[in-house]
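Next up is one chain by itself, shown in structure tokens, the form predicted on its own.
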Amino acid sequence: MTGPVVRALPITPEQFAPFGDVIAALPSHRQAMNAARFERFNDLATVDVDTDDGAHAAISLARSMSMTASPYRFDLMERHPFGSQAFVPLSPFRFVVVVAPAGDSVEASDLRAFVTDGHQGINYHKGVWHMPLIAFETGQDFLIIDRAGGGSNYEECILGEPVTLEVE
């Protein structure tokens, strides 16, 4: 395959910070709950939605209906300028995110790719460009927390040429 290539690296909170939050049971966020029968991991991501036009934060589910093979070629990036968007797997499985900084447009050289360890979710910051969600198997369920109602919260950018995503 020719053209730009982006390789997915293991995701860490530090590397992903310019684009959003890694949602995981981090020891630094742990506290006892319900007479210490549970561990609670607080404040893992910030839900950030503009509500000026009657929109609100919403919790949804998504289930993959087809699998994506690697290498994967794509030319579409999307963003949500009025709200953050979180994806949390409901069972352990790895998934890949491709991101670029918020801005008016996206170039292939701006792209960064990350792969989760199977126990991590992600929260895109408001306005961050990202590849549409893909899954490596059918039937993978995600909890989604994002903005609903109000006006459109979706913009897309077609890249100048397709980019190849490689996942090891």
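Computed from a predicted model, the values in this text were never measured in an experiment. Numbers follow the displayed sequence, beginning with 1.
Form predicted together with a further copy of the same chain: not shown, discussed below.
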{"property": "Contact of P132 with a further copy of the same chain in the predicted complex (heavy atom, 4.5 Å)", "result": "yes"}
{"property": "Non-hydrogen atom contact D117 with a further copy of the same chain in the predicted complex at 4.5 angstroms", "result": "no"}
{"property": "Contact of L159 with a further copy of the same chain in the predicted complex (heavy atom, 4.5 Å)", "result": "no"}
{"property": "Proximity of I23 to a further copy of the same chain in the predicted complex, heavy atoms at 4.5 Å", "result": "yes"}
{"property": "Residue among S70, S105, S109, T46 with a heavy atom within 4.5 Å of a further copy of the same chain in the predicted complex", "result": "T46"}
{"property": "Neighbours of a further copy of the same chain in the predicted complex among 55-77 [non-hydrogen atom within 4.5 angstroms]", "result": "H56, A57, A58, I59, S60, L61, A62, R63, S64, M65, S66, Y72"}
